[in-house]
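Only one chain comes next, encoded as structure tokens, the form predicted alone.
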């Protein structure tokens, strides 16, 4: 059974002029159990709208969504118990203490009363918030409030965890801590779907990716397979001096350059090293970077 099945889902909104537009347009996607998926795309691609439909905050205009075989519209009470969601916006009950906030949410999601305090303590320790247990949420820093949002989402040990930009605006050390928590929860059997604009984050964590643009799903599958697909018949390299005279056929993709293999790998590698010589920072013919794939797809006809 798939933790998440999205079948031909669309969501239509109206702009200020009353004109309709599709924020999500006919997306279908199956999420494998026990995996980490990255939902990627430019701003306005439809990622948050899709997440809001999965979590039941928005109703689709077309298609259906199932969580562990249950319809998110018809069986909303049951499906909400199976998932944890960390939204992009920080929403915290400011007047209550951290412990009070988590105690309330643990009860709302069915955590047995006798387990609540122990779970709250463990989650706060995981997120380095144990010393803030009795602090009112309004007094927390922005990074601490985001950690509290994560704590709320994982208290009931959801089978599917959805995180919308979980590390936006946090420092490097906290980002690493959240990465470690994501890996640990996944190792314990939690399926994870998250959005991020940090492509290196997706490369570090994800086995699968789904790339959306203008409301359409334009690529999905195993990250390694997609990298191999975009690395066929091309060499990728970086330069120390980006103002150097280009070799004919070289194209710029993000921080990298790409050169199509025109004869054979050895000959074209020799051509590049001869032309750029000591200016080559790195060169490879293996998997393309996720940045390369992202820019290639979202700048192509597929995104128009």
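No experiment lies behind these values; they were computed from the predicted model shown. Numbering follows the first chain given and starts at 1.
This next part talks about the form predicted in complex with a small molecule, which is not shown.
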- Query: From the list 65, 45, 27, 36, which entry has a heavy atom within 4.5 Å of the small molecule in the predicted complex?
  - Reply: 45
- residue 186 within 4.5 Å of the small molecule in the predicted complex, heavy atoms: no
- Message: Check residue 88 for me: does it contact the small molecule in the predicted complex (non-hydrogen atoms, 4.5 angstroms)?
- Response: yes
- Task: Indicate whether the small molecule has at least one heavy atom within 4.5 Å of a heavy atom of residue 23 in the predicted complex.
- Result: yes
- Message: Within 4.5 Å, heavy atoms only, one stretch in 271-279, 254-262, 48-56, 238-246 touches the small molecule in the predicted complex. Which?
- Response: 48-56
